[in-house]
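Below you will find one chain, with nothing else, as structure tokens; this is the form predicted on its own, and questions on how it binds or moves follow later.
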């Protein structure tokens, strides 16, 4: 089965990101495909490279980056939601006149069209969080 995943909650405010990560990992282990993971609303906070959780806590940004690298996942951060929360890639930082970017490895910024395409291309679109 080909899945698309939408994550609407931040990594440390709700269980949604943890659950989505565990679902994606389990689906891949069972031989399913993840077409795209789309981070929306506060879910875009999963994609900042400046996350520094305590040593005894999980680092969801790192876990997503590692999973994306291992399985060639497309991790897309919604551009409008990201800009509102100060998450920028190099191109957006330059375009907005900012002095640096903070997008995590394996993540990219794009628009809602990527979510629409994921819903069309996947057999199932699964949404985690409100």
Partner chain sequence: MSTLHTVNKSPYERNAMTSCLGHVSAGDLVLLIEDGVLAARKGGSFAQALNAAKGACKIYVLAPDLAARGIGAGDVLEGVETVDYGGFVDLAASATRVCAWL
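What you see is a predicted model, and the numbers here were worked out from it, not measured in a lab. Residue numbers count along the first chain shown, from 1.
One more form of this protein should be noted, the form predicted together with its partner chain, which is absent from this view; the next part is about it.
In the predicted complex, at least one heavy atom of residue 19 sits within 4.5 Å of a heavy atom of its partner chain. Although the partner is absent here, residue 67 lies well away from its partner chain in the predicted complex, with no heavy atom inside 4.5 Å. In the predicted complex, its partner chain stays beyond 4.5 Å of every heavy atom belonging to residue 90. Within 4.5 Å of some heavy atom of its partner chain in the predicted complex lies at least one heavy atom of residue 32. Residues of 58-86 are not found to place any heavy atom within 4.5 Å of its partner chain in the predicted complex.
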